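Just the one chain here, laid out as structure tokens, in the form predicted alone.
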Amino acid sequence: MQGEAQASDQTARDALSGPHEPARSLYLHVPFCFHKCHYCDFYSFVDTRDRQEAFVDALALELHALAPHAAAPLETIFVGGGTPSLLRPELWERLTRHIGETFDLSHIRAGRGEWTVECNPETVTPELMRVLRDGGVNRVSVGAQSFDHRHLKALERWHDPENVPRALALAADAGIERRSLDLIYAIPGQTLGDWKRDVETALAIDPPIEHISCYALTYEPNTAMTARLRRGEFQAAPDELEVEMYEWLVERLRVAGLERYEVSNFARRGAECAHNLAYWRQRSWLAAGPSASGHVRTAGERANAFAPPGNRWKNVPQLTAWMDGVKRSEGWSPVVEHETPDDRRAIIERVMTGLRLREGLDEASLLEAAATIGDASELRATIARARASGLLYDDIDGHLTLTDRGYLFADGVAADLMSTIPS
């Protein structure tokens, strides 16, 4: 596969060898797709060798190795890809049964936790939804991206838009009550009117969805979409149109009862994606499958309570290497990246993700954490400049929060703050 990193001689066991908090979240990566979309930079591929069963067998080994590092009970599970719904129902039945036997899912089964599976609308069937529900899945996320055939073609996204509401209805009929939808905007050739129709179509789905993720099209390196842009096959959407689309989106979804709780994510009250919040709040999570990334926070006393340092790792992003490594190492995946605990990196990551959230960042705690590693005066001055520029404000709890204008420059505001974290 193009762009694959070389695995080191380390495994995920090394990242979990020191004292760390038990992980309350689990991520699984299913790499199989029936077509590689041109904008996608996640590890996925069309498998012509039908290795689904071998993949599930290896995943069971890895989950068994990871289980002692999980909290009891788990609070969230997220299965992404790739196209997780491409797995055959009998393999899903085997996988959910193994997860239920390996981890404490009492919180999830009681409805106080969350188990999400990403689904492509073309691969959703009544049987699959029943198997997922019976296995404990209580939330699905369906990738619509657009309801316009022209824009789906531009993305090289192969599905019938009419199958999106059908897939969501099948999930609801099976008893999966929590349903989310993904949309993309600023697609080449897309107008503001086109975007409005996409959003209105999503809002008209019955039964109503509780969560929508809306992402501006990003031209990631080493994707077919970026290569086509460089060849001049199309022009990217103008910045001013992208801003207009986003500002209209925020207001329209607010009227519909879906509030922005992260730059690109909107939900009805109480329906926020708990698993993604664990990422953005820098909690601990375990990771299984090729290319899956995990993070566990260091346990014990620490000066930096704002952003406890932790170990980060990424499993090798290659199916054969991952399966061979898992079998060879008693369930432990070889890794291509392993970052050991570092106070400055932990603060930077907390700023990078936390500032994107509606809840923002506790200013006093941020400055206190920064002061434990150096002089925080430049950071304090950067915060003051962003506040004076109308990009940040302080809420009633003393949290630094992006203003509506600040959300348009979220990455830039975060970059400015991160650059002044003392070293």
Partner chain sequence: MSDIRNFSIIAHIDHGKSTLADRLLQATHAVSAREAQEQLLDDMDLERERGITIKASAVTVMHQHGGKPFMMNFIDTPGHVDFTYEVSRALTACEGAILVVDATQGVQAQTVANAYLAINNDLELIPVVNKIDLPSAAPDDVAMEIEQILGIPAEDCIYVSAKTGQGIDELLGAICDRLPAPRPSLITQTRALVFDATYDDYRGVIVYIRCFDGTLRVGDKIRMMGVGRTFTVTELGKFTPKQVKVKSISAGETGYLVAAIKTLADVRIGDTITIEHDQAPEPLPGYEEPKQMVFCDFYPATADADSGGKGGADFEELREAVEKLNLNDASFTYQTVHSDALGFGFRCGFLGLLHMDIVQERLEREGGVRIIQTAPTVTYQVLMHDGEVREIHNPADLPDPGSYEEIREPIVRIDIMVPTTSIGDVMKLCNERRGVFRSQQFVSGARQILHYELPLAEIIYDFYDKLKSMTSGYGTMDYEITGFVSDDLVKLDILVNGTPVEALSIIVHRDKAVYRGRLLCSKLREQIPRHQFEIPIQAAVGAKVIARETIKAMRKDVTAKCYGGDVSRKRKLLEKQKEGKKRMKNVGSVNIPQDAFMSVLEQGE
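Residue numbers count along the first chain shown, from 1. Since this is a predicted model, take the numbers as computed values, not measurements.
There is another form of this protein, the form predicted in complex with the partner chain, and it is not shown here; the text below is about that form.
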Look up in the model of the complex whether T218 has a non-hydrogen atom within 4.5 angstroms of the partner chain, and give yes or no.
yes
E200: touches the partner chain in the model of the complex, heavy atom cutoff 4.5 angstroms
no
Does E177 reach the partner chain in the model of the complex if we count a contact as any heavy atom within 4.5 Å?
no
Tell me, yes or no, whether S284 is in contact with the partner chain in the model of the complex, where a contact means a heavy atom of each within 4.5 Å.
no
Have a look at 119-127, 83-91, 327-335, 341-349 and name the one stretch with heavy atoms inside 4.5 Å of the partner chain in the model of the complex.
341-349
The one option of R51, H35, R380, R356 with any heavy atom within 4.5 Å of the partner chain in the model of the complex is R356
Looking in the model of the complex, the residues of 386-423 with a heavy atom no more than 4.5 Å from the partner chain, listed in order, are L391, R405, Y407, L408, F409, A410, D411, G412, A414, A415, D416, M418, S419
